[in-house]
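Quick setup: one chain, the form predicted on its own, written in structure tokens, and binding and motion questions come after.
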């Protein structure tokens, strides 16, 4: 891993301009969320193109009921860890709720913190409001790559009224198409489409020059992303219909821990011969004499 613990990270081989070439060449973009160093190393080695330090860590890692509660400091903490674990993948950090909605100055400043302190390659913002678009224009103007996000936007879950598919009506679908174009014009290098009807996602993908990354939006997008804990079967609290579990690790982890507990209770772990350290046998007699008092009848006096 050329980028880990060296002090001087090497340039990542996956870049924002490179993703555009993948779209033009018809090569699908592989993306997963990631929240820690160890997982980042595994996903990076496995050839994942984009690692998104998603605000979904609020739920999957920190136990919050939604993504709204996660803070900038918490996001920065996890983004740093993921960046340290990658040498190939493009690391993108979600800007959390209330880190970019108050003003353009606030948005640019916080995006800069992700780039400077966490050393991510890009940030992601939800929606296409005038303020978001203005923030994107300012960020890209000073060299901060930005990924957009339309459809179901988790930070607006209370406004939307729950986990609902977006763009189902003709009006909403047209608005989504218009917003996608606005985001491209503002300078985003890619666009996440979450829980959008397959046909609408296909139209957005064909309309844009930049790549689209789908989640619950069908296979016509230029790439796909899922929450890594869903793919690995580690997060049982939610089970959206678009999630495919490739591993039942929750079952495997429980079985492993139960076996570990049983070995401790029965004395099978640790094995003194292979999993512990011995003391020189010729010194044992002397060790037994250590600490013996010449007058064993004396009771230690309290220290005043």
Ligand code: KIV
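Numbering follows the first chain given and starts at 1. Computed from a predicted structure; not experimentally measured.
Note that the form predicted together with this ligand isn't included here; everything after this is about it.
A.B. asks: Just one of 186, 115, 173, 227 has a heavy atom within 4.5 Å of this ligand in the predicted complex. Which one?
C.D. replies: So the residue touching this ligand in the predicted complex, by this definition, is 227.
A.B. asks: Looking at 132, 180, 123, 192 here, can you tell me which has any non-hydrogen atom within 4.5 angstroms of this ligand in the predicted complex?
C.D. replies: Contact check passes for 192.
A.B. asks: Flag this candidate site as yes only if 33, 54 and 215 all have a heavy atom within 4.5 Å of this ligand in the predicted complex; otherwise mark no.
C.D. replies: All three within 4.5 Å in the predicted complex.
A.B. asks: Since the chain is shown here on its own, which stretch among 55-63, 246-254, 41-49, 265-273 would lie within 4.5 Å of this ligand in the predicted complex, judged by heavy atoms?
C.D. replies: Stretch with heavy atoms near the partner: 55-63.
A.B. asks: Evaluate residue 78 for contact with this ligand in the predicted complex, applying a 4.5 angstroms cut-off between non-hydrogen atoms, and reply yes or no.
C.D. replies: No, no contact at 4.5 Å.
A.B. asks: Taking heavy atoms and a 4.5 Å limit, what residues of 71-99 are near this ligand in the predicted complex?
C.D. replies: Stretch hits: a single one, 94.
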